[in-house]
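Shown here is one chain on its own, the form predicted alone, set out as structure tokens.
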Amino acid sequence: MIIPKLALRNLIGNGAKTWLNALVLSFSFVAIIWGQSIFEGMDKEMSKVTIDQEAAGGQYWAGVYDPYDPTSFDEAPAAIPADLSAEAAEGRAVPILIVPGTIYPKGRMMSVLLKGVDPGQSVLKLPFGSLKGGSGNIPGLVGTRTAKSAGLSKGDTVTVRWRDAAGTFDAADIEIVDIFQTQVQTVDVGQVWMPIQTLQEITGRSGQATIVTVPEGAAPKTYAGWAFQDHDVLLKDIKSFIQAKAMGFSIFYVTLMAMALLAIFNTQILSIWHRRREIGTMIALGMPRGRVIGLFTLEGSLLSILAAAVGAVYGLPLLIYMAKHGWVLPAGQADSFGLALNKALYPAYSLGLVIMTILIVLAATTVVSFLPTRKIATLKPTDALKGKWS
């Protein structure tokens, strides 16, 4: 126990120098925990809302359908497999027909995707039930982003044009029965929802759909001409976005860590230089060189524990505040990413994240503290007692 006691006494004995190093190192603790928790919270929030409102338990894609290739939309719709059709009738699946179209709001022309969905579905958490309304015209449902860009309000009537399965253009008026708000832009931007039976009839695609969404927990099956897409595919954009942003932000706390470790490294070098007579005395009295090296290395390691305590003093209130109020993004910035970002980012803390951060910082400070002590291995006690290096 003598080594830990000496290490702790020497660390406290350094006074302001110890506290300054601990303060700088604590910035790394707080930055790593805050940064990683923000991205973990973003991942969980965006994944959850996307699953609730779009992905559910997965999707079956018909034929050549590719959400990134608009030219595939006309050719993709296919007859819904009998099993999926039966499950849809029982509320265990949601067929969606996607047809390119054009609306003409207030004399302007705007390309949209007409999406047909069952108003009575319960798999996706979107207000499709409002599509049961309408007063003679085809009922239409749009999100706030589409309504804003098109200048539409609830109750407005707008002309929509589409091309049917035979390639013939047709048009009709639709009534905007409701406007919903969502953070999932892929179910809002440039999209007009209507009853799937209506869309099938006016486009000559009876019994057809482009995608069929199934609830969570549904076991994927194989259907000819239909490909099942799981969360790895449907949430790929979110995962890629989080990974890229987390990698970029890591440069920030790596820089903080480097500054703190450089300060610790310099402190160790100066400490060994000023205490060379003390080192020589301990070696001359029979203390093994390994234990002397361990003493100085332990001093640096204890600094990371002290830094964690210092970081908890100011970091804990900050992290609690962020968890309660979130990090509010500037107006319009959430939509600029094109993903399901909320207007405020809420961190998701975990015990594993805290432990991982402590272990990383502890390992780094231990290595940095050990490097300057290698000189002790070749130091002659007589030279050290005289204040010299070998």
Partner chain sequence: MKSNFLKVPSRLGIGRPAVGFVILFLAAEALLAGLIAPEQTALSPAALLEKIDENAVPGNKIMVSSMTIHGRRGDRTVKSKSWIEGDDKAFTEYLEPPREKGIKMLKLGDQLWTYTPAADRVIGISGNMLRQSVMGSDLSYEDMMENRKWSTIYAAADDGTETVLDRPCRILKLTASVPDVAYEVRRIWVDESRFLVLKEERYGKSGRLLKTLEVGEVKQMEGRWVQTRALFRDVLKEGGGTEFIIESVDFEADIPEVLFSKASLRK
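Worth saying up front: this structure is predicted, and the values here are computed from it rather than measured. The term rigid core refers to the most C-alpha atoms you can superpose between the two forms while keeping them within 1.5 Å. Numbering follows the first chain given and starts at 1.
Here the subject shifts to the form predicted in complex with the partner chain, a form of this protein not shown in this document.
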**Fill in**
With the partner omitted here, the residue among K106, R291, K154, K132 that in the model of the complex has a heavy atom within 4.5 Å of the partner chain is K106
**Message:** To verify the annotation, which of these, R163, H231, R275, R92, has a non-hydrogen atom within 4.5 Å of the partner chain in the model of the complex?
**Reply:** R163
**Prompt:** Quick one: does G57 come within 4.5 Å of the partner chain in the model of the complex, counting heavy atoms only?
**Reply:** no
**Asked** Can you check whether G190 is within 4.5 Å of the partner chain in the model of the complex, heavy atom basis?
**Response** yes
**Item:** D74 within 4.5 Å of the partner chain in the model of the complex, heavy atoms
**Value:** yes
**Message:** Using a 4.5 angstroms cut-off on non-hydrogen atoms, would L113 count as touching the partner chain in the model of the complex?
**Reply:** yes
**Item:** Option from 283 to 291, 177 to 185, 118 to 126, 81 to 89 whose residues, in the model of the complex, bring a heavy atom within 4.5 Å of the partner chain
**Value:** 177 to 185
**Complete:** Taking the partner chain in the model of the complex and a 4.5 Å non-hydrogen atom cutoff, the residues of 167 to 203 making contact are G167, T168, F169, D170, A171, A172, D173, Q183, V184, Q185, T186, V189, G190
**Asked** With both forms fit on the core, is the shift of the CA atom of G41 between this form and the one not shown 2 Å or larger?
**Response** yes
